[in-house]
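The form predicted alone is given below as one chain in structure tokens.
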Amino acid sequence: MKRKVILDVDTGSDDAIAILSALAAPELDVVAICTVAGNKPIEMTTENTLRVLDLFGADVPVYRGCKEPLAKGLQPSRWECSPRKTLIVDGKEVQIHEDYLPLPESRRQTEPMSAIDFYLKIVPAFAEPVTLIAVGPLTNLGVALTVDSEAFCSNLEEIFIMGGGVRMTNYSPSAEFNIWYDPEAAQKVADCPVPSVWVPLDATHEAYVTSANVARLREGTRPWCAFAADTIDQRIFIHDALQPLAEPHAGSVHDAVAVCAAIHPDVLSDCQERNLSIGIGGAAEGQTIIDPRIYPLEPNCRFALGGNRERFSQWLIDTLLA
């Protein structure tokens, strides 16, 4: 039986690959997609999500979610962050997430119900439990938990979260972007009773894809193969220039690793039952803090400290080619 999943996304480049791989995976039944602001404003992440669904030809309902963090926007000083490196090619800044994906503008509409109402009114009524794969900021989940935690948790089997990092960060010296963007929401998710698996940069930077993998993908005849290959190639180009991985001509496709983990848990390595808390404010803003003490607090999640490159790259390319 297929595993029913909901995707919660802030669709940029790796979200797009995650959506395509989830739709193509024979083990998964994507019953809905919820959008959230993060990589880009909510209007862009929602439109990008619709464009990806058009590319795949999938009739999946899309629920528009939150346009700003749970509480962070109340203190503008909390948005300050040291600037990241930029990549200039032929006088133009190259971004790992363009405003809009290079796909035709979508004509389909989102559902009239918001993502929050969907989580609180529709999901509890599903005939069977559903798995949630959240690969953007956790604002939608945090708001739903704030409004009615019992309803939100009542029919969720498991939550997979792409976010955080212990030995590896990307947006500040202490934080990965998704968690930095809305740390209060992340703390609410960490504290909720639904079993959770966190897929941080420690895992996704080890479970990477190479140019050789992308060359295989370019041989595919599916309508999405060329788009996926171009998207991953751009990520590899930026990784090589700004954040080289363990081998040259390789790139992380973070969000798709969380999708893979929902099917193949062995894509994650050193996955530990630990107590996770989230830094709020100052230099620790958005930090994923794993209790390191000899007598730690009770575990509240499974947190992966490594990833399996061969397992992930083979699964991703085979799934997109099938």
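Quick caveat, the model's predicted, so the values are computed rather than measured. Don't overthink the numbering: it's just position in the shown sequence, from 1.
If you look for the form predicted in complex with a small molecule, you will not find it shown, but the lines that follow are about it.
Colleague: Only one of 173 to 181, 98 to 106, 121 to 129, 210 to 218 gets a heavy atom within 4.5 Å of the small molecule in the predicted complex; which is it?
Modeller: It is the stretch 173 to 181.
Colleague: Closest heavy atom of residue 116 to the small molecule in the predicted complex, within 4.5 Å or not?
Modeller: No - in the predicted complex, heavy atoms of residue 116 and the small molecule never come within 4.5 Å of each other.
Colleague: Spell out, yes or no, whether the shortest heavy atom distance between residue 39 and the small molecule in the predicted complex is within 4.5 Å.
Modeller: Residue-level check for residue 39: yes, a contact with the small molecule.
Colleague: Does at least one non-hydrogen atom of residue 135 fall within 4.5 angstroms of the small molecule in the predicted complex?
Modeller: Yes - in the predicted complex, heavy atoms of residue 135 and the small molecule come within 4.5 Å of each other.
Colleague: I'd like to know if residue 190 sits close to the small molecule in the predicted complex, meaning any non-hydrogen atom pair within 4.5 angstroms.
Modeller: Taking the distances in the predicted complex, the answer for residue 190 is no, it never comes within 4.5 Å of the small molecule.
Colleague: Answer yes or no: in the predicted complex, does the small molecule come within 4.5 Å of a heavy atom in every one of 202, 206 and 309?
Modeller: Checking in the predicted complex: none of 202, 206 and 309 is within 4.5 Å of the small molecule.
Colleague: With the small molecule left out of view, which of 162, 185, 228, 144 would have a heavy atom within 4.5 Å of it in the predicted complex?
Modeller: Contact residue from the list: 162.
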